[in-house]
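The form predicted alone is given below as one chain in structure tokens.
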Amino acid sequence: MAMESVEAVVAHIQGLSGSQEEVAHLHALLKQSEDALRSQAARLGAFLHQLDPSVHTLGYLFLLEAYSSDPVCREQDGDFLLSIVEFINSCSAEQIRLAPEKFISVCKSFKDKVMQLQVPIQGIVPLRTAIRKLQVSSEQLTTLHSDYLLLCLLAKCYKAGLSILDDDIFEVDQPRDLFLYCYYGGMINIGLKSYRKAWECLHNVITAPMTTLNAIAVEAYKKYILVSIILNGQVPLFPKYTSSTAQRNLKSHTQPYIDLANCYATGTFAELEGCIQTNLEKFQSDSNLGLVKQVLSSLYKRNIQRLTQTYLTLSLQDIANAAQLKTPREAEMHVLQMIQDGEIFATINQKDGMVSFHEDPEQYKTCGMIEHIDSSIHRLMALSQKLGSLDEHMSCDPAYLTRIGKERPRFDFDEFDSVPHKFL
């Protein structure tokens, strides 16, 4: 492409960014110029300064995407990142949705660059803004969700990830996006020690529909096993709606973790520690050693919790012996931490070294609890209404009806239950 034709494209962008009809015409012209723009990628940076991203969003996007497709030299890294951040902040949501693949490409180039420069924290706010502009509604899962969560993980800004993890997702375009979103979501909640939410995220990965086993599901199942042990002391069976692919293959790819769960079930600290030492290299290579150590620590808590089901009072020495702790002082520290975390209800008499266990004092009649229950009821009602709407929509979907028609037997004898069998 000659310099004059680049200028001509810029002139078109400046002149055709007003009405919807003009933007539609511009879109057609830009599509025809894609290859030419890419061939001149290195020279496009200067032309971006001639455009206003808030007014010329679509044209700016095409130039920026072509520019970002070419390797950027280190000296230009700062300007490159700044141009993308300014574009994300000021671009028109309506216009980027005309070329979502271009916008996603630009955002992924931005994500790759902040990771390459080892400054993931700089990408968190811009990428969150990009997600909100790309989404038609907060119920839509975009391919940028997982990129955003990855940056939150790398920057250890776990709470920032909750801003999109708290959304109820109902629309998914690509299965891989859902797998990564839930997997990274599980890791963020593990970082926050929100094990219940982490379990739910990882559960969604391993129970999602799949025809072939994927690496994300395998890694998720490893963490799912560990989180299940920490949370409940055992790994639950696969629910019925889990794909046959997952049920048949996941366990064979995670044997060291299955062994760990079996050792944990015995309640013997020495046996569990031996299992960890045997598979230490595997846990380290999977980057799960920190979580495995949490499993080890949870065994003490689990043993103490068992005592609360049998005894009303117990000495710290007896607790240390039963929980396989070395000293009464260690037992006291564990009991104090569990009281603070709300895992048990107890008081310690330090004078005679006795612990008294109590029932849960929650009476479920405080204003805060009533508000919480009311909020949960309204949320469930909204969810029920949404599921009903989705079910109705799916039952009218031609592709679904065609698929069901092929799989359904010609005659379903259950439909004739009201007819006497002698007439069949």
Partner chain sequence: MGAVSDGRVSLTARGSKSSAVHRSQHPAILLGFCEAILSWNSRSRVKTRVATMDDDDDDDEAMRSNGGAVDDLSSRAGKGAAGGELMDVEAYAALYTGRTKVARLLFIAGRCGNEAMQLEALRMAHDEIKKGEDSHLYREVTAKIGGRLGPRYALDQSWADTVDRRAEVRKEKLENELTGYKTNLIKESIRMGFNDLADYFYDHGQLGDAFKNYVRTRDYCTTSKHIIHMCLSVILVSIELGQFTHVSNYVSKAEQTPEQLDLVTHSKLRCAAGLAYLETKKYKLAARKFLETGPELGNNYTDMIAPQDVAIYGGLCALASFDRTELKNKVLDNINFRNFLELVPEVRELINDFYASRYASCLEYLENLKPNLLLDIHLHDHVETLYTEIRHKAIIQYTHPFISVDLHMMAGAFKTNVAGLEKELEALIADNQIQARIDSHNKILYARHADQRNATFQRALQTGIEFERDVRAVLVRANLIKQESILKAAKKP
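Everything numeric in this text was worked out from a predicted model, so none of it was measured. Residue numbers count along the first chain shown, from 1.
Unshown form predicted together with the partner chain; subsequent notes refer to it.
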property	result
Contact assignment for the partner chain in the model of the complex, among Val119, Leu153, Val125, Met354, heavy atom within 4.5 Å	Met354
Of Glu371, Glu359, Asp35, Asp52, the one that lies within 4.5 Å of the partner chain in the model of the complex (heavy atoms)	Glu359
Site check Ile169, Glu200 and Leu383: each within 4.5 Å of the partner chain in the model of the complex by heavy atom	yes
Region of this chain that lies against the partner chain in the model of the complex, out of 303 to 311, 88 to 96, 327 to 335, 270 to 278 [heavy atom, 4.5 Å]	303 to 311
4.5 Å heavy atom contact, His378 to the partner chain in the model of the complex	no
Exercise: Thr207 in contact with the partner chain in the model of the complex, heavy atom 4.5 Å	yes
Proximity of Gln363 to the partner chain in the model of the complex, heavy atoms at 4.5 Å	yes
Close approach of Glu343 to the partner chain in the model of the complex, 4.5 Å, heavy atom	no
Members of 173 to 191 lying within 4.5 angstroms of the partner chain, judged by heavy atom, in the model of the complex	Asp173, Pro175, Leu178
